[in-house]
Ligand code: PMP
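Consider the single chain below, provided in structure tokens and representing the form predicted on its own.
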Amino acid sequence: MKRNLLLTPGPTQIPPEICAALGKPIIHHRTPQFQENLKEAIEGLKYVFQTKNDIYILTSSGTGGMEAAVSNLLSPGDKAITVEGGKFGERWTEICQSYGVVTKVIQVPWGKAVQASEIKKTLDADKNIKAVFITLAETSTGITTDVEAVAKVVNHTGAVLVVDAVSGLGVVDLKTDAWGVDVVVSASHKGLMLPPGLAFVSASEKALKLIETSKSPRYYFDLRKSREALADVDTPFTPAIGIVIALNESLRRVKQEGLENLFAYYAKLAQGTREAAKALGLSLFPDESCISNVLTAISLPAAIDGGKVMKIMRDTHGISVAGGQDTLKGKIIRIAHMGCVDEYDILTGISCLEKVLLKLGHKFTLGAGVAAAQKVFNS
């Protein structure tokens, strides 16, 4: 039987104990039993989000959470900053424009992170900007944004800071309250090791004031309904019951490991992956000053088609990595190290990558990538 190893930036591998939780008999959502599960999930999410703010659970992918953030915070004609340095930053712009929000777009070269000074300059030039939308981990390019630095700038204004942490939550540090982040959006199928189906949105008091006054159309994603239901430990609509129950198993696992320990572990997996790529004569795509521990984006030689690398790894060897998007299609591959991925998964992926690169004519010392990763993991 062919393996099915996911080294993709979502969905990620699901550990056996969470698979078991997903297989439990379903219960009704308007019952005390489900209320206990929901209460436990909210408290566990507050630990991962590092916040005391309310967190709303939506039945959707992460993009639904992003849309909820826009439609609940802003009205048509409001102004917002969006940072475009990859596909997911562009998504903020697209959602804002769908709701008639006037976007002040900050363009950042792919592979680099926005500087807080650029956001400050834009905010200083227009005092009517109501929100700043950024991406914690831009998985299309492999960078992490310095959210703390951006928050220091935004906190001195009337604008709210909104962070897409769909990929980064629980993988890299995000101190929501300590840094003063107003809204954080995340999802179930990345660092939390669950199937797609849940989005999470946290909201500060500053954000709640905007939520109460937004004139954008909203119904299913109306966070006012979510807030009202949460007061009774409930959800306004039918939730993804099974995933919420399994979420508690994931959150217990995260608490047992400890956030700081997880951040350090993912950093080591990332370092091992980077060193392996370099040992194979490959270069890293992003600027190393802002490189992400969520995934590693590896540039391939011009003669090697990244699409072929990805296809052979997946279809022949049962190991899935991600390819490049947009202008990077065929030029890079992306190897994720988040969730329950461990050193042995990374070593397996690197070994397979070596095999495929050799087949496609790339010249390197066989085993060099695995040895480089092992050196990091054993240090």
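All residue numbers are counted from 1 along the displayed sequence. Because the structure is a prediction, the values reported are computed rather than measured.
From this point on, the text means the form predicted together with the named molecule, which you will not see here.
Put simply, residue 349 is far from the named molecule in the model of the complex: not one heavy atom of it is within 4.5 Å. In the model of the complex, the named molecule stays beyond 4.5 Å of every heavy atom belonging to residue 104.
Among residues of the shown chain, residue 68 is not one whose heavy atoms approach the named molecule to within 4.5 Å in the model of the complex. In the model of the complex, the named molecule sits within 4.5 Å of a heavy atom belonging to residue 88. A heavy atom within 4.5 Å of the named molecule in the model of the complex is found for exactly one of 72, 82, 139, 202: 139.
In summary, among the residues 51, 320, 61, 37, the only one with a non-hydrogen atom within 4.5 Å of the named molecule in the model of the complex is 61. Residues with any non-hydrogen atom within 4.5 angstroms of the named molecule in the model of the complex fall in just one of 266-274, 185-193, 120-128, 153-161: 185-193. In sequence order, 164, 166, 167 are the residues of 148-173 having a heavy atom within 4.5 Å of the named molecule in the model of the complex; the partner itself is omitted from this view.
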